[in-house]
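Quick setup: one chain, the form predicted on its own, written in structure tokens, and binding and motion questions come after.
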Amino acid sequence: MQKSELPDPFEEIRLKSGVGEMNDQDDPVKMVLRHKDVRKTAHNYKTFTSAAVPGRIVVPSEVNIRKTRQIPFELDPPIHGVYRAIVEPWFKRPLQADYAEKLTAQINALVEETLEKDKVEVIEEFALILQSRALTLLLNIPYEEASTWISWGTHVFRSEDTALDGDKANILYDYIDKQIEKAIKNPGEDLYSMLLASEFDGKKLTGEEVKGVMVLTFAGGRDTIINVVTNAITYLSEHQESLERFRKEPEIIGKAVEEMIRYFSPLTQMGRVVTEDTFVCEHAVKADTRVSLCWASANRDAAVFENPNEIVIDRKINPHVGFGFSHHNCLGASHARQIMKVLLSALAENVASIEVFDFKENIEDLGEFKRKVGYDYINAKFNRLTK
């Protein structure tokens, strides 16, 4: 098996029953595995709510380390849509030409730095740096602030030996509180200031509401970006022909990004809380229990995707759910897509090949399933393309 492969641990159960099970901190989760059922469940917010106790819809649950409701993520329509309308234009900024130009300059500089090195640890010394620098553009704050976030390491809520680390989470919460206070005293052109100037139901957003958006922004786009970037680099280390195609056919890069999001599914799943006794795939689920929408399983469903366990970089039809589905389609999707498009272009233009020396896979323990989601470390060398 190639080091870049992500096996599908859900296939047998997806075909057999369509539902898996896992225990999450004594709060069991019934995992919805089929593409059509994942989309149907995601759309039915009245029966499967996101507006539960803050932290409960996340798997693993963050109830014990977070009291702040992430906005608009942990809300249902119609309130979800009102909040989303406030923030969505801001999160569409990555589609603007000047934003793409700045992001391209950042990523080209990082690729150039990496080409000068004999060896790079791709998680800490490339993907984390890329994600943190790009986030300064999304928040519209000074580039130098990225160094603070880099110092936190790759995980917002997880430390080396603890799956959910309350002390580490508090570092983020305290940081956001201070940034909100700073924006109140000296409003600027950043995301904090925009939120503080916005209104919901005729009233300015509260500090807690602003914090809810910011916690989502920091936590939602960190591990996921790092996972897809590192998986993509490992894939390209074994598929130099894809780099060649990107150079010759840059028009397929957009399709390649969507395919990598489908195949790698950087976020395995997201939960919902059941509001009434109901059924999922003919399996009974009780009110106030949890189900999860398993994006990673849905994205390998052979009923929807031809050759689902292969990366087809120019896949024509690709209704993946890697960015979620329905009301809760990922707010940061435009930012993530732009990062990946620019990265693949930069690698194609400057890198001849990538050598991976050694690595350690990051395996999620999901009860009856064990899923490779990315890597704990990858040591590699980027070889310069001679032009």
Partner chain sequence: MAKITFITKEGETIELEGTSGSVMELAVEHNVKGIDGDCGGVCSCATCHVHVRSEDVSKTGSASEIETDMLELDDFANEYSRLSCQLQISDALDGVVLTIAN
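Numbering follows the first chain given and starts at 1. Fair warning: this is a prediction, and the values are worked out from it, not measured in the lab.
Not on display, but discussed next: the form predicted together with its partner chain.
A.B. asks: Report the residue, out of R315, H283, K168, R93, that has at least one non-hydrogen atom within 4.5 angstroms of its partner chain in the model of the complex.
C.D. replies: Contact with its partner chain in the model of the complex is made by R315 alone.
A.B. asks: State yes or no: in the model of the complex, is some non-hydrogen atom of V304 no more than 4.5 angstroms from a non-hydrogen atom of its partner chain?
C.D. replies: Residue-level check for V304: yes, a contact with its partner chain.
A.B. asks: Using a 4.5 Å heavy atom cut-off, state whether E121 contacts its partner chain in the model of the complex.
C.D. replies: E121 lies outside the contact set for its partner chain.
A.B. asks: Against its partner chain in the model of the complex, would K67 count as a contact residue? Criterion: heavy atoms within 4.5 Å.
C.D. replies: Outside the cut-off, so no.
A.B. asks: Residue-level contact is defined here as any heavy atom of the residue lying within 4.5 Å of its partner chain in the model of the complex; does H320 satisfy this criterion?
C.D. replies: Yes - in the model of the complex, heavy atoms of H320 and its partner chain come within 4.5 Å of each other.
A.B. asks: Only one of 171 to 179, 184 to 192, 254 to 262, 101 to 109 has heavy atoms within 4.5 Å of its partner chain in the model of the complex; I'd like to know which.
C.D. replies: The contacting stretch is 254 to 262.
A.B. asks: Residue by residue through 321 to 347, tell me which have a non-hydrogen atom within 4.5 angstroms of its partner chain in the model of the complex.
C.D. replies: Contacts from 321 to 347: F325, H327, R337.
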